[in-house]
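There is one chain below, alone, in structure tokens, taken in the form predicted alone.
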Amino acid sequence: MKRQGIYKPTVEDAIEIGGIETLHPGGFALTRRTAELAELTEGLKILDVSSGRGTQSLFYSREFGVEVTGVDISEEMVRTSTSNAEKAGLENRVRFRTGDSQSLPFEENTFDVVINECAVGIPDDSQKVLNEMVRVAKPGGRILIHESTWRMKLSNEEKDEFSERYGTTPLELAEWLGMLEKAGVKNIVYEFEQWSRPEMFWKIRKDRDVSHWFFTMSIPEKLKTMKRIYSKFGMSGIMTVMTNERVFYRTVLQGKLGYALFKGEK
């Protein structure tokens, strides 16, 4: 986010700077549900768009026997995910490469299933991300995303301010559906309210379950993250992150922000 010409860290920035692995709202329960809706079965070719550290890619392959290609714009993430696949003994079924989700480095009609977990709204052009996901899917292939979604009508000013603080761009349900249809996705179904409960937003750690946003990081993890934020942004950066976290927490509790899972076909 940019205030008075100076860039200040968002909630997403704080998570990345901390170097602590987190998942999306809903955690592995939502990843498993995504895989179920995708009808993953052994032998299918899956593309995991914006695959990060490879956590979901490895889960798909380990649990369902699918072949997964992960793509991420960060070379560091690709190196980490490749190492994680080797450690898990899945390097023959799960591979990672560098690429921009707005211009995927694959031929059209390549994958049986294309999935993007919680990263459609991060790049500049979310429509391009969806267009590319559909392009590389085979005819009849399944397209799945889940993303932050507004639960009520808000002013553009409130939406813009929250998006700057969060580091991604939530949209209204109708907007996500319209963009998916524009990209060429058919037979769309979605799940919304069950993933929008506040307690679902705190389920972002793969190693433990929490019931409150404050406990998504342990005290040592918070201290390490704050130290890193301070070294990069100074005390003003720490204050900004603390304010952004409070705004995020309040927005979820007020029922303004939810989370939706979408599935359709090319």
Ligand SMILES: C[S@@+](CC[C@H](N)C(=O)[O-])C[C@H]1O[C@@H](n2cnc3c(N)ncnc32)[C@H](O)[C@@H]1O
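One-based numbering along the sequence shown. Note that the structure is predicted; figures quoted are calculated from it, not measured.
From this point on, the text means the form predicted in complex with the named molecule, which you will not see here.
Novice: Could you spot which one of 188, 73, 88, 173 gets a heavy atom to within 4.5 Å of the named molecule in the predicted complex?
Specialist: The residue from 188, 73, 88, 173 that makes the contact is 73.
Novice: Could you confirm whether residue 23 comes within 4.5 Å of the named molecule in the predicted complex, counting heavy atoms only?
Specialist: Flag for residue 23 set to yes.
Novice: Given that the named molecule is not shown alongside this chain, does residue 118 nevertheless sit within 4.5 Å of it in the predicted complex, heavy atom to heavy atom?
Specialist: Yes, contact at 4.5 Å.
Novice: How about residue 196: is it within 4.5 Å of the named molecule in the predicted complex, going by heavy atoms?
Specialist: Residue 196: no, not in contact with the named molecule in the predicted complex.
Novice: In the predicted complex, is there a heavy atom of the named molecule that lies within 4.5 Å of any heavy atom of residue 34, even though the partner is absent here?
Specialist: The answer is no: residue 34 has no heavy atom within 4.5 Å of the named molecule.
Novice: Just one of 35 to 43, 220 to 228, 65 to 73, 236 to 244 has heavy atoms within 4.5 Å of the named molecule in the predicted complex; which?
Specialist: So the stretch in question is 65 to 73.
Novice: Taking only heavy atoms into account, state which residues of 99 to 134 are within 4.5 Å of the named molecule in the predicted complex, ordered by sequence.
Specialist: Counting only heavy atoms within 4.5 Å of the named molecule in the predicted complex, the contacting residues of 99 to 134 are 99, 100, 101, 102, 117, 118, 119, 122, 123.
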